[in-house]
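The data below hold one chain only, encoded as structure tokens and taken in the form predicted alone.
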């Protein structure tokens, strides 16, 4: 019996090596991504400057069942320092042809702009839609205070597709992640400033004077409470032309799990032969403490909403003399608190199918703040 043991070990080693070789042969590695160079002039910022980014996406297929992907953003900040940010890094396990399990840091499937349309060579405008950005994440500074950033977080999710035939599908996304936290107070904030602005000179609470709670949407490898963010999206797609969806997100953000944040959204992406129509409606509810006349904290809820609609006319597909040319118009508004509205006009010229020069002019009206006019020209490419 002992004489057979070396033979069994050798057989196992050879079998393991053959399996490893087979897995290596099935493995695939690829690099994709995008980048851009932008010149932007802003009236409020009283500045004009060039900026550049490079965003490689690493794709690795371990097997037919397991895929890994990661995206990093490499850019230079205003002080000239190189910044490297991990946008997402996750692993997909395909439970079946229609069901996928995801774990890691991933873009949350809320609406369509965040998970699918924010890359600069896909977004038809130089700027993010007005209801996104301005509070962290993609989009950076803008005078219109957005409702959400492009959200990513660490956790797990599952995606399921129900084919309906004739290119029709129902798409389900569910996820659980670490969730939000309260933004750390700034050093220059004056104590009691918020309460004075709420109560001063008016017995009735004027919603225009309220200060929204500042929330930290950045993904963290930790959590300030045991509550987890839960969310999902359900969509109906009539491919390749139309997709409509509804999204939901909720989480407690304070240490004692008394304050919550909820967002609901509806989205549409309609692609025709000569046009694209994209839009989203978002409503957010954010809890905060307010001290009453007995100096006891009570919970109040800030209710905001907003929407945007972007239309692209692909003139080059109708008139050969305008080959490669798009015309873009976009309207966005935010309501109830920090009200603002924005018109944007753009013209794009496609050098080829993955390289575009975009020029966009924005005119923003802020109801209780300084208006802004911005212009930017951007060269963006995908690979």
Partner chain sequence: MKSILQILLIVSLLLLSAFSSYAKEKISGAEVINNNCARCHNARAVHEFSIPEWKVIMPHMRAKAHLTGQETKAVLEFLELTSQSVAQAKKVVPENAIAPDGKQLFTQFGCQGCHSLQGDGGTVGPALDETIKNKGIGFFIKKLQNPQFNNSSSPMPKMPLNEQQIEAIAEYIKS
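Positions refer to the first chain, counted from 1. Note that the structure is a prediction, hence the values are computed from the model and not measured.
Beyond the structure shown, there is the form predicted together with the partner chain, which is absent from this document and is the topic of what follows.
Asker: I need the one stretch from 148-156, 96-104, 74-82, 213-221 whose residues put non-hydrogen atoms within 4.5 angstroms of the partner chain in the predicted complex.
Answerer: In short, 96-104.
Asker: Would the partner chain in the predicted complex be within 4.5 angstroms of a non-hydrogen atom of every residue among 122, 173 and 351?
Answerer: Contact check passed for all of 122, 173 and 351.
Asker: Check residue 69 for me: does it contact the partner chain in the predicted complex (non-hydrogen atoms, 4.5 angstroms)?
Answerer: Taking the distances in the predicted complex, the answer for residue 69 is yes, it comes within 4.5 Å of the partner chain.
Asker: Look up in the predicted complex whether residue 226 has a non-hydrogen atom within 4.5 angstroms of the partner chain, and give yes or no.
Answerer: Judged by the heavy-atom cut-off of 4.5 Å, residue 226 is well away from the partner chain in the predicted complex.
Asker: Using heavy atoms and a 4.5 Å limit, would one call residue 254 a contact residue for the partner chain in the predicted complex?
Answerer: Flag for residue 254 set to no.
Asker: Decide whether residue 261 counts as a contact residue for the partner chain in the predicted complex under a heavy atom distance cut-off of 4.5 Å.
Answerer: Outside the cut-off, so no.
Asker: I need to confirm a contact call. Of 299, 311, 161, 86, which residue comes within 4.5 Å of the partner chain in the predicted complex, counting heavy atoms only?
Answerer: Result of the distance check: 161.
Asker: Scan 246, 230, 182, 239 and let me know which has any heavy atom within 4.5 Å of the partner chain in the predicted complex.
Answerer: Only one option qualifies, and that one is 239.
Asker: Listed by sequence position, which residues of 258-284 have a non-hydrogen atom within 4.5 angstroms of the partner chain in the predicted complex?
Answerer: The stretch touches the partner through 269, 271, 273, 278.
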